[in-house]
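Below, in structure tokens: the form predicted alone, a single chain.
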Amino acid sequence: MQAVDFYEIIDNGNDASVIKLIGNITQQTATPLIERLVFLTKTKDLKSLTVDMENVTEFDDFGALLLVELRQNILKKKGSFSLINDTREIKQILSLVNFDEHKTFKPASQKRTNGFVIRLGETFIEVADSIRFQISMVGSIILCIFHGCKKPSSIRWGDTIAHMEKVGVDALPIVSLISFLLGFIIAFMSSLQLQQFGANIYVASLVALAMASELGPIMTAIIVAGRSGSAFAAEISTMQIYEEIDALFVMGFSPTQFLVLPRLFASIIVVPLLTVFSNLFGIAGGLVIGITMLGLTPQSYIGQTFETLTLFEVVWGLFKSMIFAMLISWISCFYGFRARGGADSVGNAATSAVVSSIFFIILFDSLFAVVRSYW
């Protein structure tokens, strides 16, 4: 059945045409009609098109799609489109696809880009607002800590313990594995050089100092930022989007005391403990290399480790891990509170929290290295 059997074109001159649709304009016939008639309206320079529905015996939503395509092609050329002799049944079907709405064709408008000065001003305002919010959040945290010291029962210790489990216990396997492999790699690479000078025993010193002073705290903090920091930001941002934080304000609760302090205290308590495990497993990784490749005994390796490590090195690493824990919890909660919009803002908050936390961890570790070198 050819599509030509279902329409007739009458040329009225002056770039005006009438298309008479005939018979059943349904799913079986509309598809070839769309291909043929839309092609004709695109190739002909028409200023007016009229569709006559007098001889249509059956009509469905596929026929409505045909009329929509014809009208859009004519309106794109700034021509006129009209429909005549349409029955009540046809009008009902056309109403289902909102045929009478959007009668004028509006080309997609290009988004106007702002100038450099406007973008610079918007960025400055956003940064200033962000700094203002950070300062107010820090002040709120300090006030809540003072209030918690005066009244310890106001701190949500149950939530704190739950967060300690998530941040510490759940992260212990991955922290241990990565630290073990890190100590393994450090010992292996350093042994390639120290073996040439017969200084195999100093592999234990190198691994112990590197893990306790630098790599243990920083690797633990990065893992916690990726696991727990993103979770903090996602949880709080979800509450912010669903207006649960506003509900806390209405009920007289402090969101900082209710949400931030448990996460902050849990991180400060647990991250140094994770750092201790990181140091132990890093030294264990070096011990494997010392025994299998360097011919050292466990007693000599462990003895050299205790001889090299001082209390200052261990405490210095734990102190840095506490600072990193404060940064992770503060930054993650900050991005959670700043979330606006829909579901995509949850992912943006989690991503920003992780990236910013890692940046500040490395930045503060660099500052600590400079301070220690001039101490």
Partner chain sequence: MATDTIIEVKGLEARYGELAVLENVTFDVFKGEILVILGGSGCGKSTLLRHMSGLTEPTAGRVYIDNVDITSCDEERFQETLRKIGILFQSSALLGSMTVAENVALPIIEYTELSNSAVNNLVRMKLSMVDLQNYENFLPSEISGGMKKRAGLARSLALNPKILFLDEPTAGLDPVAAAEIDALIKHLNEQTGTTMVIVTHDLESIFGVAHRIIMLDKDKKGIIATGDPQLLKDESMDENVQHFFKREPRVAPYVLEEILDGFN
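If you superpose the two forms and keep the largest set of C-alpha atoms that fall within 1.5 Å, you have the rigid core. Worth saying up front: this structure is predicted, and the values here are computed from it rather than measured. Numbering follows the first chain given and starts at 1.
In what follows, reference is made to the form predicted together with the partner chain, a form of this protein that is not presented.
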Exercise for review: State yes or no: in the predicted complex, is some non-hydrogen atom of Glu126 no more than 4.5 angstroms from a non-hydrogen atom of the partner chain?
Suggested key: no
Check your understanding: Is Ala231 close enough to the partner chain in the predicted complex to count, meaning some heavy atom within 4.5 Å?
Key -> no
Point to revise | Any non-hydrogen atom of Lys77 within 4.5 angstroms of the partner chain in the predicted complex | key: no
Check your understanding: Is there any non-hydrogen atom of Met239 lying within 4.5 Å of the partner chain in the predicted complex?
Key -> yes
Exercise for review: Only one of Gln299, Ser95, Ser136, Ser82 comes within 4.5 Å of the partner chain in the predicted complex by heavy atoms, so just point that one out.
Suggested key: Ser95
Point to revise | Contact residue in the predicted complex, chosen from Lys91, Arg119, Arg132, Lys150 - any heavy atom within 4.5 Å of the partner chain | key: Lys91
Revision key, fill the gap. For the partner chain in the predicted complex, the stretch among 247-255, 289-297, 175-183, 210-218 with residues bearing a heavy atom within 4.5 Å is 247-255
**Study point:** the partner chain in the predicted complex - contacting residues of 127-162, heavy atom within 4.5 Å
**Key:** Arg156
**Study point:** Core-aligned C-alpha movement of Phe337 between this form and the one not shown, 2 Å or more
**Key:** no
Check your understanding: Is there a C-alpha shift of 2 Å or more at His163 between this form and the one not shown once the rigid core is superposed?
Key -> no
Review point. Is there a C-alpha shift of 2 Å or more at Ala64 between this form and the one not shown once the rigid core is superposed?
Key: yes
